[in-house]
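As structure tokens, one chain now follows by itself in the form predicted alone.
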């Protein structure tokens, strides 16, 4: 029987610095399941627990799922990791988490597990042992093992779980995915670069062949999996916690969480925190009116998601250098964002006509397309 957010809040207060009183569960663990399927609320719930619960007194396991979303690591470049245009067409949001690691696709067929502990008790292999032991217990035929990279592989080579983590002064959390029945075609469609020619020191993702548990254990249902993980966590960490249902949208239970979720949704966090990068690529130009073709070289420097410099080398017989120079000048200081760039060049196009307008439009469209 699942209990409710109010009980969870009482337990968390009992083991945190945000309220008075004590709990009979002090020293034991908590197993929480989020009601929300909103990626920003669930990432904010992780931050809230990390900031407000005294993890030196108790550990916490949080189980959560999201509607389709792409989540990048703290130090990653979204334009290099995912197809932003495809995501917009499909209505799939992008989120940047606080932890490092690579890019992942979430949907309701993927389970996320977050293990919270004190910094002293931080042990990723022990956390992964909870998962592998639980899977072996309920499906002894599954060949699963954790790797030195903190992935979990099925049959020696198929990835069913990847990890990332964050360490604070006194606390830690380690979160990982677990593919139960994820849409692998959607995953493949969105986890590919938006922008050609990116040069960056951002953390790159490492592609791996993946599999769903359901492909190898067709009878494995969600409740059986969730119960097995909660029971194994209790066994591993000598806890007797009952899984507790929580709602991160309840500000009375999680004060301030909505503000954290809003920060995670903000462009300045999602894109503006991208490590500086450059773009060097060839633009293919077509004059739809005359069918003439040409190419140009684009070199941009981008800092904090904003175009810091832009150089366009366009053949003079395609477009006068004055116009390509004006386009470069208009883009500097704008966000590296197709919508913003398109709006910025509208005024530049307005006074032109005839062939110059067609060719300037082709150049503008090619530059905007680079931005995803």
Ligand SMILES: Nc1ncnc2c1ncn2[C@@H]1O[C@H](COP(=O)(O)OP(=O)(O)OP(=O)(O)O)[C@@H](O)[C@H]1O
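Values in this document were obtained by computation on a predicted structure and should not be read as measured data. Positions refer to the first chain, counted from 1.
The next section is about a form of this same protein that is not shown, the form predicted in complex with the named molecule.
Novice: Quick check on residue 161: any heavy atom within 4.5 Å of the named molecule in the predicted bound form?
Specialist: Heavy-atom contact with the named molecule at 4.5 Å: present for residue 161.
Novice: If you check in the predicted bound form, is residue 151 within 4.5 Å of the named molecule, heavy atoms only?
Specialist: Yes, contact at 4.5 Å.
Novice: Examine residue 207 and determine whether its closest non-hydrogen atom to the named molecule in the predicted bound form is within 4.5 angstroms.
Specialist: Result yes; residue 207 sits at the interface with the named molecule in the predicted bound form.
Novice: Would residue 97 sit within 4.5 Å of the named molecule in the predicted bound form, counting heavy atoms only?
Specialist: Because a heavy atom of residue 97 falls inside 4.5 Å of the named molecule in the predicted bound form, the answer is yes.
Novice: Out of the stretches listed (243 to 251, 213 to 221, 186 to 194, 294 to 302), which one is close to the named molecule in the predicted bound form, meaning heavy atoms within 4.5 Å?
Specialist: Careful reading of the contacts points to 186 to 194.
Novice: Please tell me which of 110, 234, 274, 132 lies within 4.5 Å of the named molecule in the predicted bound form, judged by heavy atoms.
Specialist: Only one option qualifies, and that one is 110.
Novice: From the list 239, 172, 103, 270, which entry has a heavy atom within 4.5 Å of the named molecule in the predicted bound form?
Specialist: Contact check passes for 103.
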